[in-house]
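Two versions of one and the same chain are coming, encoded as structure tokens; call them structure 1 and structure 2.
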Structure 1
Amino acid sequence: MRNTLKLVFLLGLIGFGYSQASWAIEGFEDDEGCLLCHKYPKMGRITEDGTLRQYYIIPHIFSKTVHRNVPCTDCHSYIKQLPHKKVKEGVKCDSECHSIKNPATGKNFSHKPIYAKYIKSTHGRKKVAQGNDRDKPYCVTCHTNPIYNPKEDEPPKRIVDRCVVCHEDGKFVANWYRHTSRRIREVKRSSEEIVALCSSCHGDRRLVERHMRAAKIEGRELGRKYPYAVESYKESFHGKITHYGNKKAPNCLDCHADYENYYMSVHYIRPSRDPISPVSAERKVKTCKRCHTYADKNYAALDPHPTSNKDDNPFRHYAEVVYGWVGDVVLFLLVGMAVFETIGRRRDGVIWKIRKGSSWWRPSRRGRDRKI
């Protein structure tokens, strides 16, 4: 492995002159020289625990991501010299950009306001997490560039033409157009994507059970619906119509996050036992009212996470058991009677043959002929 990396390094140096020219074409400036080595496809390694890590950055893809203007070392701030040492820590999402200022405040840009909410949410964890915290989502669990940055449109010429009258630079205009237009159009995850995101953990039986056990040992409380969150949502009316493509029914975040300041609120999910959660007993009616304008306390008492699990809803569980039996018995009697009849008729010498609207034709062996 060591030798392969050395080879990669050498190839990097050889390719230096050529590559300087090639990524200039992509419109991506690699001022820090990271791509000198990191542009080589297949650069990577298999770690001790057997995961494949890919270390190559594809310039024309990176130059389309939301972070295209952030220099590599603003995020990988632990790299101070080149060639760099072995990397030990990862990128933290609450660090400060030293090269990009927030135009609104004039200060160094950072995601600290979001991070401050996130760390207090039910999902908050450190970058390098211990124990069960490792199951919680860090920023990069939910945000990866490919998912997050759907192909951004080129700005319509009509608009560019108008802006360049004053700003003179088409690239400046295109950059800001992409930055704002996606947000004005409210491009965001679809309901299916959100359900899939939350389900990737809350629908994972082993993860859920691990946390149930840990909470029991630590004497911690978990929501009543914690063990069934996903299966029950899928069973609910909301879950079913969302699955069939209805856009008006709520996904997980329509209930578990606030509409007011939505983009901050999705980072501040709290358990329902906390009164600030939109699904807490205190606020639930208002949350249902977002869509069901007629909702009152009784309506909000309807279960958005219905299950027929014995521990969760014993009434429904036993009702299902009883109705199950009733159904089985009725079916059994029905089929039984038909079989019984058939045997009797056959003993009479009657066979299956439809004529004049009846299948029972033939002289009876026991003198019980059908009369018309």
Structure 2
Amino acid sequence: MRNTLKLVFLLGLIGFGYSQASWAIEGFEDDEGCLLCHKYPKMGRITEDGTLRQYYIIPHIFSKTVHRNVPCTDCHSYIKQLPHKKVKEGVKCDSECHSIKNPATGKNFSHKPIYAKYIKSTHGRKKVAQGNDRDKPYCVTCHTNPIYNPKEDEPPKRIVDRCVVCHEDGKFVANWYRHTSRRIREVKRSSEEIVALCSSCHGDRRLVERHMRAAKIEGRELGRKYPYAVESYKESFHGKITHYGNKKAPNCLDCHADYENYYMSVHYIRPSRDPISPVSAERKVKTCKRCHTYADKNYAALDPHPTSNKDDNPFRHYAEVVYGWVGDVVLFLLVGMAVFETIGRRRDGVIWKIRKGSSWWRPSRRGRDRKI
């Protein structure tokens, strides 16, 4: 068995030279030999709880990400040999890079500050979560989502032409653009994209019902609008103008994230009953004033998530029921009136046919048809 493993490993090293040559074209340097195994498509397994884990690395895609210059073992620091032992937990997003320095502090780069905010948010969860916490979004849920993380295009030629005047290296300019320029310019997603991203969880009926049952058993409080947050947003004025393409329509994060430090705040969403939440009773007026300059307490008291649910808004529920009855009665009366009029005209000898722009005709005593 040991000789077989040595042979496999030797063949892998031979193939490694080929892989290095082929992947070098893509700009991804695999100095640690991780692609010996992880280059094979569909590499993965199904865990004990039925979750599909993918371990395949796509070099030409990874080479365009912000992590392309980070050695694999900077994050996978527990890997000490090849083939490596079974991984129990894997990389967490608060891991520290040992080869990348933060130019502002001179320390090893780390996502710990923003991770510390996220873990305390209403979305916070551990990487290996248990129970209903597995429904919550981990970092990669959003940051590997095509809605949030679209394809990074090559820098415009005019930018490259300008930068190479001094920096003299087009490849350096392209890498700098992908990481820095793309973040300096406006990168907030459109309202439609944000709503689609949030709806992927909050619009999942089975997920919502699962958490409502758990909260009831545990005695926890959920937001009043939690059961129908997506449905009520789509019924609101904000949701309707978003649906019809208004680019400035407010989305979920426009209200639930703080504008004072937006990019940090989106990782620290708090429930509305928390005083620091932008939609709490203490801060709601200020939040409304971002768009509605003259908003006051009375204006902020309006429900931004209207719904016809009987338990949440009985007035609107019964108003819709009454208007539905009125519409049905009016339609019934109109149809009934048309039926009675038809019977009466047929009794008077009026026939139904399309002629000269009219559908009702009656023969006259002088032999000429009369139009009714």
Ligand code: HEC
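Numbering for residues begins at 1 and runs along the sequence of structure 1. This structure is a prediction, so every number in the text was calculated from the model and none was measured. Basically, rigid core = biggest C-alpha set you can superpose within 1.5 Å across the two forms.
The chain as displayed in structure 1 is taken from the form predicted in complex with ligand HEC.
Relative to the superposed rigid core, the position of the CA of A104 differs between structure 1 and structure 2 by less than 2 Å. Taking 2 Å as the criterion, G170 counts as shifted between structure 1 and structure 2: its C-alpha moves by at least this amount when the rigid core is aligned. Relative to the superposed rigid core, the position of the CA of C139 differs between structure 1 and structure 2 by less than 2 Å. Relative to the superposed rigid core, L36 shifts its CA by 3.5 Å between structure 1 and structure 2.
We note a C-alpha movement of 6.0 Å at T47 between structure 1 and structure 2, with the rigid core held in register.
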